[in-house]
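The chain below stands alone, shown as structure tokens; this is the form predicted alone.
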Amino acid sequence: MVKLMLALDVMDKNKALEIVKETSEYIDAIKIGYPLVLATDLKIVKEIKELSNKEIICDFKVADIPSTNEKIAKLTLQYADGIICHGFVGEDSVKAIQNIAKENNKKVIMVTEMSHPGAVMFMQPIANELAKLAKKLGVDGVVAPSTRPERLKEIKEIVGEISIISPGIGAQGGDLEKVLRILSNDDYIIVGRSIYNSESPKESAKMYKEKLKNNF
């Protein structure tokens, strides 16, 4: 079954913890980005991990020179189970993160193509090459868009057995039914605002989980 990853892009610590408590029964993983970490501190990752007992991925989209990427990975992977990085900065920058991740038995997830409309300008033209790089390096997962199922399918065909982490379902308008025809059991859909901004995050998470169980 495709897994459900909650994008916890809120900026209030108490709200974040309450959402985690409400939704943990129905989610498989939590993605934490800069909004929550910058509004609190990096140790919020540890707190959410302990509260939820779920896989925690830090979506920092790391994109720097190898030595700086290494430092970011060391700090982040003290607490998180994985980290998201960009591949367009080059093979050496991704490898620097992989080296730290391997030492700690953690995951590296590489962006191929993002889900927002602007990604078609500069990311989409190189996304297939990034997917090939991801396969060459043997990363643990790649980010590919639910908002463009035809691109999701193409990227999945390139990366093969590598897990897909796919944003764009919910507020961004991705078609879950089409996406589930493409994804497989080791893949994830990412849902954020449609869960954490709903009147009942618990019920919203439950609804998405049931759709995944029933393959829509």
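Each residue number is its position in the shown sequence, starting from 1. Here the structure is a predicted model, which means the values were calculated and not measured.
The discussion below concerns the form predicted together with a small molecule, not included here.
Though the partner is left out of this view, residue 52 does not reach within 4.5 Å of the small molecule in the model of the complex, counting heavy atoms only. Mapping the unseen interface onto this chain, residue 59 counts among the residues with a heavy atom inside 4.5 Å of the small molecule in the model of the complex. Taking non-hydrogen atoms only, residue 167 approaches the small molecule to within 4.5 angstroms in the model of the complex. The small molecule is not shown here, but in the model of the complex it comes within 4.5 Å of a heavy atom of residue 7. Only one of 106-114, 89-97, 70-78, 126-134 places residue heavy atoms within 4.5 angstroms of the small molecule in the model of the complex, namely 106-114. Residue 171 is the only one of 39, 65, 42, 171 with a heavy atom lying within 4.5 Å of the small molecule in the model of the complex.
For the residues 85, 143, 101, 139, the 4.5 Å heavy atom test against the small molecule in the model of the complex is passed only by 143.
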